[in-house]
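Shown below, as structure tokens, is a lone chain in the form predicted alone; questions about how it binds or moves come after it.
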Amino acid sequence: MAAAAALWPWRAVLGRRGGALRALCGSVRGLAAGTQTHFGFQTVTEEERREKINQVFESVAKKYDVMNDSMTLGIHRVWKDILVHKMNPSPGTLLLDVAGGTGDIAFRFINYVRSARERQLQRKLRHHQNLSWQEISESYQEEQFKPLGDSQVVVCDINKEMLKVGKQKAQYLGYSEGLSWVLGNAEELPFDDDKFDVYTIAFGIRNVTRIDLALQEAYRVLKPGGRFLCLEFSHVSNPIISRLYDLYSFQVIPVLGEVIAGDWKSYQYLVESIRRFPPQEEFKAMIEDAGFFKVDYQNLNLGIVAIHSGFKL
């Protein structure tokens, strides 16, 4: 308890992101609009980068899921399953999924929580063998009314077209309860402080112009004890595998983009953006700089992708 008390002032300092500070950050972003950054291997201003990335995702939105299957041979589905199992949400969890436009993480979250809720109900019934049929019926009716046990997932994306595709997909697959869609910028989230239990961002943070601001915002909107989880393409350490991966990335993926989505340039950028993203240890340090504790990462498929995790304590 004494250690927790000693940490409290630092938590308050790290976690406080009031309106005045956000206004100041907005002013800084305005001044920094002409700051040089990168768009793939091109040098552009921050404002140009934001506009170009918006154009990329407007262009690829309708074919985004098909291209993910084609580029990764469907393995991205396994990576996302691992992310949600690592999260291990329980009924009542409030999740913010940033850059989650087409809903892949949100739908997995809902499925996972539904299964957890069903297991809870089954355990409850086994522990009450003497319940009457009426009491059993009432328990199942409660489950039907609250299959997620008050869990909610908010999908936040900066691109309207990606959100449009996600909403259409949710309607087609029958997801509605416990799911909402918000247009918003990862660098300046439209949510209150200390609101969410978990923050996820899958294959999105490398497309954020100011990653440091996005991480600060993730910290701000998480509750104390909340968890940050990021699934992202990363860096392969094995030199032979790395060369093969480069060959596939630069020679095959843009061709797939042209054939399937009619868009070579967007997928050329996506490949280049992966190479420009910080290595695992460097990104870990960035997460720690944003105020997170117990930061670690798990490499998948030899580091082709990595899951970074951290906690707001």
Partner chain sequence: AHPARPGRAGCRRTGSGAARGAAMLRCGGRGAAAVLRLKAAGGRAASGGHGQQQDPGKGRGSGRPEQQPLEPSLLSFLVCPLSKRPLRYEEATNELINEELGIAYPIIDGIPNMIPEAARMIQKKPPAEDSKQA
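Positions refer to the first chain, counted from 1. Please read all numbers here as calculations on a predicted model, not as lab measurements.
Same protein, other form: the form predicted in complex with the partner chain, not shown, and the subject of what follows.
In summary, the region of this chain contacting the partner chain in the predicted bound form, judged by heavy atoms within 4.5 Å and restricted to 231 to 239, 81 to 89, 114 to 122, 191 to 199, corresponds to 191 to 199.
Within 4.5 Å of the partner chain in the predicted bound form, a heavy atom is found for every one of Lys167, Ser176 and Leu183. Using a 4.5 angstroms limit between non-hydrogen atoms, Arg77 is distant from the partner chain in the predicted bound form. Within this chain, Thr72 is remote from the site of the partner chain in the predicted bound form, having no heavy atom within 4.5 Å. Within this chain, Leu163 lines the site of the partner chain in the predicted bound form, having a heavy atom no more than 4.5 Å away. Taking the partner from the other structure, the partner chain in the predicted bound form has no heavy atom within 4.5 Å of any heavy atom of Asp97.
Of the listed positions (Leu213, Leu148, Ile158, Val208), a single one reaches within 4.5 angstroms of the partner chain by any non-hydrogen atom in the predicted bound form, namely Ile158. Scanning 208 to 222 for heavy atoms within 4.5 Å of the partner chain in the predicted bound form gives Glu217, Arg220 in sequence order.
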